[in-house]
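Below are two forms of the same protein chain, given as structure tokens: structure 1, then structure 2.
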Structure 1
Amino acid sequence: MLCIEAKSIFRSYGNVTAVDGIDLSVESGKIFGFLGPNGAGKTTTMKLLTTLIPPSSGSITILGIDASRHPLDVRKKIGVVLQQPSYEPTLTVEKSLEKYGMMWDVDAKTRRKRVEELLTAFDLQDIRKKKNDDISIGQRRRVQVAREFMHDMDLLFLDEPTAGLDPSARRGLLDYIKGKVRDGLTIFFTTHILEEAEYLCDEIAIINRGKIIAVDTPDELKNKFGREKTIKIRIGKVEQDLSSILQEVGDYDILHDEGTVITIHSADSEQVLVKILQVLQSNNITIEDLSVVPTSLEEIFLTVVKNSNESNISSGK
């Protein structure tokens, strides 16, 4: 079942087209990552999907509801954590959670239970009596995300939810999100931290200049766009000038840091490796270690966006 279905949606601001005819399909019970460089159209797309702004054209269906015709019905079933900070400065952490539950008409017994659960899950117990104005930016962000879980929802939009969090808090939040998805929640997730998307998301869309340029699982994106592989060769002490003896071989770098490492980064890395091994062997140079470094999602992202930009330039756009 599709939780989000957007067809040919456009959104313009004057002469600027922020979202340029995109299609999106998000299955229920999944974590859908939405990635793109600054100014690519991520925030505008999220505002469209959460009914904060209407599309210039196209259709959006959220949880089976026509979002343009029935935006209030959509808002009753979703949660939204935007990138902009949002907190009640004079309220304590626990009162903020309590207030949010009251706003969503959660009964008193359930509110108390959820407040305690969220204070524990988001490691907020020690600051529960502190006012939001008196806690750190990272702690406020944790409160901002935690309070969204005070109410029941079928779909949650998270826009850079881990901004300002330390690595431990970040991983705790991501694991909490994973647990909620196992319980049936669907997540629409934007981030600039590509390791997060790789760790969390079932499927990823990459947007650039208002257009979707790739959609697939993290593994399939790597298979499609990760043709370049990185191979590292650590060698023993050498007297020869490596640059000189490897001058016939391309696509490599030499790094002298706690030993000598030759790094190959190429779409033809295996062929380059064979050539380098032949040269090293003929010069009696000992190989201490050889390793293949998997292509990261960040490398895929940079490749896809770069190819998209080059395509736009060549077509005169």
Structure 2
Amino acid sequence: MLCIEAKSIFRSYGNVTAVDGIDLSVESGKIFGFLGPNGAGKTTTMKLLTTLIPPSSGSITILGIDASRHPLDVRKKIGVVLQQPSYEPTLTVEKSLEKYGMMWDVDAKTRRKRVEELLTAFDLQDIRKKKNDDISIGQRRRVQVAREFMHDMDLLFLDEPTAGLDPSARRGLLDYIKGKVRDGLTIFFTTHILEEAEYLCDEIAIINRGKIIAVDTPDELKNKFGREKTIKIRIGKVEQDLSSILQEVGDYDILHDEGTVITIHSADSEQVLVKILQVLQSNNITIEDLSVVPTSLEEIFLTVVKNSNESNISSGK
């Protein structure tokens, strides 16, 4: 079943088109990652999908419900952690969880149980009696995320939930989310930390300037965009002038530090490698070390966004 189905949605603020004709489909039980540079339109998309703001045009169906016709029915079934902090300054940490559960009409017994679970899961036991005004920004973020798990939901939207969290809190949160997904929750998730997306997401969409420029599984994205493999060859000191020997090969860089490192960065790295090896061998140059640098999602992200910006410029946008 499709949890989120959006068809050509647009949204502008004044003359800024924040979301420029997006299509999305997210299957239930999956973690969907939404990546993109600052100002790309991630938060705006999330506000549209959660019915906080209406689209200028396009249709949105959430959990089978038409979002523009029955926004309240949608909101009753989803959880949302916005990018913007939100808290009740005068309430203690435990009271803010408790009251949030009350607002969602969770019965008192379940509330008490969940408050304890969440205080432990989000490492908040030590500060449970402190007021939200008197805790750190990262702690407040943890309360904000924990709070959302006070109520039942079928779909959870998280807009940069790990922003401001320390590495162990971040890992704790990601693992908590994974556990919830095993129990059947679907997650729509934005982040700027690409390892996080790689660790967590079943599918990733990259958005730039209001348009989706790539959607796929992390592995497929790497296959598609990660063909520019990087290979490093370290050789010993050489007398000859490497550039003239390697003249006809192309597609490489030479770096001199203690030894010499030839870096191949190309869509056909393998073929370039074979040629370089032949040249090195015929000149009796020994190879000390050879390594392949795996493509990270980060590189793909940078490539895809760069390509998209360039094609925008060339098409005069």
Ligand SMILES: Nc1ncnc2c1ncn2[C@@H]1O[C@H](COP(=O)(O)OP(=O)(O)OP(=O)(O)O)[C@@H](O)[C@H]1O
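As the structure is a prediction and not an experimental result, all values here were calculated from the model. Think of the rigid core as the biggest set of C-alphas that the two forms share within 1.5 Å after superposition. By convention here, residues take numbers in order along the sequence of structure 1, the first being 1.
> Kindly point out the structure, among the two, that is the form predicted on its own.
Structure 1, not 2.
> 2 Å or more on the CA of Asp241 between structure 1 and structure 2, with the rigid core superposed, yes or no?
Yes, its C-alpha moves 2 Å or more.
> Note yes or no: does the Cα of Met46 move by 2 Å or more between structure 1 and structure 2 after the core is superposed?
Comparing the forms between structure 1 and structure 2, which are aligned on their rigid core, Met46 does not shift its C-alpha by 2 Å or more.
> Could the core-superposed CA displacement of Ile276 between structure 1 and structure 2 be given in angstrom, to one decimal?
Between its two positions, the C-alpha of Ile276 lies 5.2 Å apart after core fitting.
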